[in-house]
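In the block that follows, a single chain appears as structure tokens, in the form predicted on its own.
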Amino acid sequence: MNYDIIIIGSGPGGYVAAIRAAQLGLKVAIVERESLGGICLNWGCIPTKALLKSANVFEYITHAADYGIKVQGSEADFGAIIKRSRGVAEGMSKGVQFLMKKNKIDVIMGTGKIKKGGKVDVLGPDGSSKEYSATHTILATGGRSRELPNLKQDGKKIIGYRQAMVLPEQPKSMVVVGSGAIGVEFAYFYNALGTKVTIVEYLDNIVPVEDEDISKQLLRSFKKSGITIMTGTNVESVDTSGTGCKVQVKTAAGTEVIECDIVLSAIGVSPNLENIGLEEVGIQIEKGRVQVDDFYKTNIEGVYAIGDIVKGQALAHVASAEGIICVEKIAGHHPEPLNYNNIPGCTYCSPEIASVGYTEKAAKEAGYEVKIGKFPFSASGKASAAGAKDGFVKVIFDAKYGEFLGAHMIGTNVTEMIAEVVVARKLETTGMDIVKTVHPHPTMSEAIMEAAADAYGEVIHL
């Protein structure tokens, strides 16, 4: 069983790399221990968006009167919402199965472990072990919910994102620890369905990787929707001995206890580096990640790594891009290294968040003199008609050359708008290029043009 490439892990890094390698004429096998599509497709990106859509629909129904429509007797069926989400994930996983067959990629179910000399050992579901060989091996083992020593997940009262997607019943109250994308998405979902939600964030701002203006707007929007938010707060312990949970937290004012049914730990992702043969083969690790070059080659000839286990943003589209670059380089092509400063980030709570490039603070710290433009959706005709006036678009340009340094958006459908900025930055488009590019009216995307115009003192609708 000799292959050109064996890929361990079939998430958005692994399966995309496998398909691209097959397109390039290479003989490929992919090893997966659970379900094709990995965490993103089965327990992350896709099923969470299905849950969030159900919450969004329910909010539309409960606020139908705002649109001149009378609705009586609506209620959220928590079990049916969970079932729909799982159905969406299963359908997408079957789609990946089809793509594997279409591209003649061998799927090996089991747990993969690299060995010296281009060998891969796979422990099958039945406990049997089989060895395969490949000229090139790509590690794409992904990540899992990170745990803190004082916040150990038991899967019942203290849970991670996987359990949050399939709870047997809706909790009456929940404490969400961590306000990154995972934390705020689940906070929105459960709050929209009627759960009393408290977010506890160790840092001073929620969604702390975002521009500070975005953090402040989401704080306002979440508080308006009834979510309690505690920033600059540390979880010291959780007592699960009773029927619920008693969460002891330390704030600037002192220590207090929050009682709830469920604690969701959403403090980030840990890479899956254990038991895949790294130590035996001698692969170098740096700061908890596999050390690779610009084309994802490790220090061991013929071994590569992509996705959550290497440096860079732990995002599905990053893993996919890395996988494509990696196999194109293996195939003898000449791909460009990935520009990690032009990676869009999207958070699908309501209002949505989308951003790319420098924040205002980071741009100034990098030494740029900046021009800042903002356009609120309250001044957008389309947003007003849609009843979605919360939020804004903020753009950042280099004052000297007009370079598009970054964009930060919060509002309805902004995750569908950010790609314009990503492409503009890739093509080295300037601020005035955006101002002079005609955008369709009425659309939410006009806000990008108007924000750019604001940076140059030419905004029309403010």
Ligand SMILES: Cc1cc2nc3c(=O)[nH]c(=O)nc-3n(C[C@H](O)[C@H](O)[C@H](O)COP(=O)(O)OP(=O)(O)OC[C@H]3O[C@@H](n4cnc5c(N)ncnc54)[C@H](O)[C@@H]3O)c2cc1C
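The shown structure was predicted, so the numbers you read here are calculated from the model rather than taken from an experiment. We number the residues from 1 along the sequence you see.
From this point on, the text means the form predicted in complex with the ligand, which you will not see here.
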May I ask you to check whether S179 falls inside a 4.5 Å heavy atom distance of the ligand in the model of the complex?
-> no
Is G110 close enough to the ligand in the model of the complex to count, meaning some heavy atom within 4.5 Å?
-> yes
State yes or no: in the model of the complex, is some non-hydrogen atom of K53 no more than 4.5 angstroms from a non-hydrogen atom of the ligand?
-> no
Even though the ligand is not shown here, does I8 get within 4.5 Å of it in the model of the complex, heavy atoms only?
-> yes
Considering the ligand in the model of the complex, find the one stretch among 417 to 425, 66 to 74, 40 to 48, 404 to 412 with heavy atoms no farther than 4.5 Å from it.
-> 40 to 48
Ok, Y358, F377, F222, F186: which has a heavy atom sitting within 4.5 Å of the ligand in the model of the complex?
-> F186
May I ask you to choose, among G391, G142, G373, P171, the residue with a heavy atom within 4.5 Å of the ligand in the model of the complex?
-> G142
Within 4.5 Å of the ligand in the model of the complex: residues from 259 to 290 (heavy atom criterion) = N272, I276
